[in-house]
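Included below are structure tokens for two forms of one protein chain, each presented in isolation as structure 1 and structure 2.
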Structure 1
């Protein structure tokens, strides 16, 4: 992939994670739906073991929910790009 193609990929991911995600369905997903229907959803009501910096894809402390969600998506996309690229760099053999 050349620089242009990489940039295209990142921009598409940023648009999906930072903008299109605002229009995503907020209905429960498959497992949540089953847990609700079969009455075991309440088992998930436990304290999380570690505190997450950006819980539930919403940047904390922002009043505007849309901006908070959009920012969380953008940060996540950038983290994933850097992480994927870094792991690739650590694993690759030189000269191939």
Structure 2
């Protein structure tokens, strides 16, 4: 892949991450719904091993939930790109 293709892919992913997240449902997902229905949601909540950088797609200081979700989508894409690029570079060096 050349740099133009990678840049195009990043731009498309950022647009999708920012736009599609605007349509995310505010309803709980399937597992959370079952936990609510069976009344064990509180028991299932544990302290995570690693704190989420954007818990529940909310962004501190942003009151508008749609903008916060969109920003979370964009930042999630950037985090995954950097993580993937770093792992790829490490594997590339190891293979030499």
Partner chain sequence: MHIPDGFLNTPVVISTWALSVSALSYSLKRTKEALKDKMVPLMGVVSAFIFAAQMLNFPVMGGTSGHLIGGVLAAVLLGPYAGSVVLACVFIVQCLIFQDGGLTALGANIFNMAIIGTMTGYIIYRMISNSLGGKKRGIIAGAIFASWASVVIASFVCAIELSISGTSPLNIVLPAMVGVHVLIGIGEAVITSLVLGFVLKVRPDLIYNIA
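Bear in mind the structure is a predicted one, so any value in this text is a computation, not a measurement. Here the rigid core means the biggest group of C-alpha atoms that line up within 1.5 Å when the two forms are laid on top of each other. Numbering follows the first chain given and starts at 1.
- Each structure shows the same chain on its own, and structure 2 is the form predicted on its own.
- For residue 35, a C-alpha deviation of 2 angstroms or more is recorded between the two structures after rigid-core alignment.
- Taking the core as reference, the C-alpha deviation of residue 52 between the two structures is 2.6 Å.
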